[in-house]
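Here we start with a single chain on its own, the form predicted alone, put down as structure tokens.
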Amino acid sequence: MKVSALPALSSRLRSSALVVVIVLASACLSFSADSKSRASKMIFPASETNYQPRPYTGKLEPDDGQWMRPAKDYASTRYSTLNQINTETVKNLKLEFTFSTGLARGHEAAPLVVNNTMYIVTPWPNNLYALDLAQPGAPMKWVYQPMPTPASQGVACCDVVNRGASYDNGKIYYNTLDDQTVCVDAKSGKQVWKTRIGDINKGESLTMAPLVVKGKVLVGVSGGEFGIRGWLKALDANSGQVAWTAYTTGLDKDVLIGPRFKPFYAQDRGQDLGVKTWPPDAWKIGGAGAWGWVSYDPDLNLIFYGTANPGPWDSDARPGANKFSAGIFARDPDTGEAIWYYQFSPHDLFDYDAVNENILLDLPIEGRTRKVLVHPDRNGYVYVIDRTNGEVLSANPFAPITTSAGVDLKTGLLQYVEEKEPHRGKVLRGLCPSAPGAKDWQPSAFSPRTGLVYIPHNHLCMDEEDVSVNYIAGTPYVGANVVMYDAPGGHGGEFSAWDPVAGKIAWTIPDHFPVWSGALATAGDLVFYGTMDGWFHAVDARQGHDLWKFKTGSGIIGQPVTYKGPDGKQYVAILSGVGGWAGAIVAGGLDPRDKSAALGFVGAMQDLPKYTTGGGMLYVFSLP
């Protein structure tokens, strides 16, 4: 792997608290590329031509029909054993009730369902609604309003989204955009505690859904485009006091690296790599937040989470591997102590955050069962990693790739393509995947009945020019001009079924726009997902046939869930409401003529306003 090594920091972005999303100015550039040149030296994913279902034999958590965590279970499968709604009955699915949030920003949260009550977290101002599922139409029981400061909207890189809450021991836990974690009594809606754990004046914000593990609320910070210093914190679930903080960069004592830390690969070993792999003091403003998903293995007593991109995007400003960005940590949840780490994209060149979900499975690999995690990374590869030690067992492409030539399984290193490495003053074209990656935050699901992982993802490439950028606390710190567009094939997204044992796609459904919603798998052999033009789909989990769909009032970027109601029936729920980074053109009212707006995403989404408008609404479906 060649690592770029030129000096300096610099360039400014325009940021607006009204628009919230970042807008890039690139009038000096003329981004245009011949489609043939874009496709040169491109890796395409392999398909499983003779796919046969592999029923899963590993252990799964018991399922009582509730939905208490964002990912359903600690293993992040997003799988439900409910099967009243199945491939035969789904055609009869009807709308049961709706609920409006009254907000027109991006709705990315998964509803929770506990004790016949549904809980919904909205984007800013982060209201928490409780709906009574035991009553017709599910009337509102109460609303908790945390009243986050309006100024926090100005440090939200990619819309004022919130990805949901977690339930534990009679309480609801979630985060507010202005860096507070709140605990609310699930019955009364009364605040139990509220703890401020970040500072918007440093560019820090909170958008991720927390996970509660062994009495600790795990929360990671957003703000990689603002020069923050990334961290994951554990708060005491009863008091809200911070139990430990694990920084992503800095000295070993700050990263909570001690004698138990044993990375599998040589490049991840060494003393104080969180400082030594950066230019002097650059680690202090190096980004690398932890705004994605956390999984937990109770048998190993380990949590797993990914770290975000290093800052700034201008990679010439930060020569070195930039530990511990763009990688995955395994930690002891009791102490936060790091057990192992693996870096997916050393010296990240393209904003390839590694915050995506880690699905914990026990899979047959080369003749024996291994405890693995399955991680579809932003860099375009689905990784199967031994979760006991961090060894990469396979890494195969699931989207078109030009920025790298593969992953060396002996060293674990991503093989960058030298002619695609960005440098200041040089416009590079045909970079695939684009900055949101082959898959961004939108979480996958796993079905033990098929053995497949269902991946909602992007199908995008980009042109990029890096520019110098100056750091000013609390302001954008990026240093790149970018324009995105569809990858070869003429579509911007796909919903793919992935065989993690074979390392191939079983089937895929192309979509005009990036598929920015989460996925849900059920024992009815169905998979649910939504599209940015507002369609909610149910497809055959084995073959990928579209069996049912419903047009909602706004684009869907939320996470579908299913639950058993007090009447014993199965229900499916989804929040509609376009926005997020992909939907910024609608949620932020951006000019489609500026292809570089929203960090270049508008280039790929110019026609989205022709298909949908903003507006937050819960939709719940059931059989007659």
Partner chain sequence: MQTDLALWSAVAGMLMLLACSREERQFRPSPPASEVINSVQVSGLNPGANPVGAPAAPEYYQESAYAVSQGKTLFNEYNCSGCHANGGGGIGPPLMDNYWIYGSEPGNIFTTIIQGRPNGMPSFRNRIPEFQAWEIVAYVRSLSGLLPKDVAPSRSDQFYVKPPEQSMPYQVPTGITGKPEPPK
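Just so it is clear, the structure is predicted and the values come from calculations on it, not from any experiment. Numbering follows the first chain given and starts at 1.
As for the form predicted in complex with the partner chain, it is not shown, yet the points below apply to it.
This chain is drawn without the partner chain; in the predicted complex, the residue among Ile285, Val467, Ala338, Leu413 with a heavy atom within 4.5 Å of it is Val467. Contact with the partner chain in the predicted complex, judged by any heavy atom within 4.5 Å, is made by just one of Leu300, Ala405, Ala151, Ala134: Ala151. Comparing 96 to 104, 171 to 179, 536 to 544, 424 to 432 against the partner chain in the predicted complex, the single stretch with non-hydrogen atoms within 4.5 angstroms of it is 424 to 432. Judged against the partner chain in the predicted complex with a 4.5 angstroms heavy atom cut-off, the residues Ala156, Arg593 and Ser596 are in contact without exception. For Ile472, a non-hydrogen atom is located within 4.5 Å of the partner chain in the predicted complex, even though that partner is not displayed.
Within 4.5 Å of some heavy atom of the partner chain in the predicted complex lies at least one heavy atom of Asn481.
At least one heavy atom of Gly589 is located within 4.5 Å of the partner chain in the predicted complex. The closest non-hydrogen atom of Glu108 lies beyond 4.5 Å of the partner chain in the predicted complex. In the predicted complex, no residue of 91 to 108 lies within 4.5 Å of the partner chain by any heavy atom.
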